[in-house]
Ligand code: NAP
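Just the one chain here, laid out as structure tokens, in the form predicted alone.
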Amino acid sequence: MNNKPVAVITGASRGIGRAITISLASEGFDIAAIARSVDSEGMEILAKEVAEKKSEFFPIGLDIACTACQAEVVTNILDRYGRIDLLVNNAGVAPLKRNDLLEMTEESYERVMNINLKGPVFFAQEIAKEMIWLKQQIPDYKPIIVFISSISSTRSSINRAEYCISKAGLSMASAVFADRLAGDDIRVYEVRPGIVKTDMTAKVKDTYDKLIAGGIVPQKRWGFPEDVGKAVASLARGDWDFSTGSIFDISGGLNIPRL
């Protein structure tokens, strides 16, 4: 059995997932990095960056929406490492096209919900069951599950409603998992990024630049993937042991109700 803690990160190849992966490797975690494709340039670069942190890197190809594929992935991780200490459910997508709510298609809704909500919920379920079993096998084992949601879980965007709905559902998923697993001493947290500079927001960069300059974000800057990575690293270190079910806003104050 692996003596080092093991982190599983979905959507690991770029953006927020990449920053989280590097932060956790810096904290001494071996990494199981999940992405739709393991052959991407992003995964190749990430493997080198993780190796520089003296951590092992296990790339795994998985479409998180394929719930029938998840059990095999979990088995492969356990066969390799013998443990899973941390799951970061980060994978997510925006709608392919920003349509007004009244023009939202069922196809787009189902795609976003399958990737952003259904897949992460059942992946967390699969891993939570293993964590309960592993608690009986590993001394001083302190498993954690983190859901990466969004400020959009509580803020309406009428031209990407399916995304907002999926993230609101993910927030409740974090709450019910925290409630159910507290008695098993498995901590569950929600990390809620605000406006973060990633590939997902690149298409609307000019719009967000203007909004940020206009003061929509009290701290008056973009968020960066590394901001989220540092927050997850803090949770992984056990800095918030008595805070299961908590929501951590990484949004520069965008979460503050104000006039």
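Source: prediction; values computed, not measured. All residue numbers refer to positions in the sequence shown, first residue = 1.
The protein also exists as the form predicted in complex with the named molecule; that form is not presented, and the subsequent description refers to it.
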Selected contact from Ile115, Ala178, Ile144, Val121, since only one has a non-hydrogen atom within 4.5 angstroms of the named molecule in the model of the complex: Ile115
The named molecule in the model of the complex: contacting segment from 47-55, 212-220, 230-238, 30-38, heavy atom within 4.5 Å: 30-38
Ile148: touches the named molecule in the model of the complex, heavy atom cutoff 4.5 angstroms: yes
The named molecule contact in the model of the complex: Ala25, any heavy atom under 4.5 Å: no
Exercise: Glu226 in contact with the named molecule in the model of the complex, heavy atom 4.5 Å: no
Interface membership of Thr198, the named molecule in the model of the complex, 4.5 Å heavy atom rule: yes
Within 4.5 Å of the named molecule in the model of the complex: residues from 3-42 (heavy atom criterion): Gly11, Ala12, Ser13, Arg14, Gly15, Ile16, Gly17, Ala35, Arg36, Ser37
